[in-house]
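The data below hold one chain only, encoded as structure tokens and taken in the form predicted on its own.
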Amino acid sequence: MDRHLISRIAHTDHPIAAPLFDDSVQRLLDRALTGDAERLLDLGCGEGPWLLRALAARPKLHAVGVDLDTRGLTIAQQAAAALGVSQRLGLHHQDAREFSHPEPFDAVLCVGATHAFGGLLPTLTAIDRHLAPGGLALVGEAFWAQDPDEAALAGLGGMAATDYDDLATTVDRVVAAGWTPVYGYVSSRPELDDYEFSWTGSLAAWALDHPEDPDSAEAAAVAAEHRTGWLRGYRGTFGFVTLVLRRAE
């Protein structure tokens, strides 16, 4: 089953692909799009939920999204047309690592997609190439809320303990790379639980609603495996922080 299709179904009831409630998303956008910000870039935009919310609330804003998911970009364009913001949205079917643009952006975001660049610090390097002087980066990254045991690592698909750091070390690494946190938000336990129950529940519900679909059994199995890995593995170990950053001048 195509991973983009799995993700799309799993995020049916939680379009933000990160453990954040709607008011948290709004607060983060308000922090990142300050003053007269007019240009926003999302590296790994998927179906564009961050961009669409920002455009709907800010009539002077222009936004650009980059992703490899063709269907996700189509959905984003259709949603933009329905909101009446499509003239202010540019979408690019391209590897975000290779994306270039002649103009810099007032804010660049990458939330829950740092894996596309090989981790947090390479993501910040990529963001820096697109950021206007004084611009803000909005980056969401996982961290260890407590030291991971074997069950937690297995539940996360066989990750290594070195794949993430604790929160303090994560922020220290960002600062050492020349960035200053001007705001940050740590997802709450209710947000983390809501995200996981939404992810697994939407996928399981789709399987129940489409028993004749050739992907139904696999979707049900993926949902069940993910739910077990979370509840019996990494719940309480996995944390998520979204940082608003400025480049040290």
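From 1 onward, residues are counted along the sequence shown. Given the structure is predicted, the values throughout are model-derived calculations rather than measurements.
Keep in mind the form predicted in complex with a small molecule is missing from the figure; the text below concerns it.
- In the model of the complex, at least one heavy atom of residue 94 sits within 4.5 Å of a heavy atom of the small molecule.
- Mapping the unseen interface onto this chain, residue 15 counts among the residues with a heavy atom inside 4.5 Å of the small molecule in the model of the complex.
- The small molecule is not drawn, but in the model of the complex it has a heavy atom within 4.5 Å of residue 66.
- Interface residue remark: residue 41 is not counted as part of the site for the small molecule in the model of the complex, having no heavy atom within 4.5 Å.
- Proximity to the small molecule in the model of the complex holds for all of 4, 111 and 115, with the criterion being a heavy atom within 4.5 Å.
- Remark: of stretches 67 to 75, 82 to 90, 150 to 158, 122 to 130, the one touching the small molecule in the model of the complex is 67 to 75 (heavy atom within 4.5 Å).
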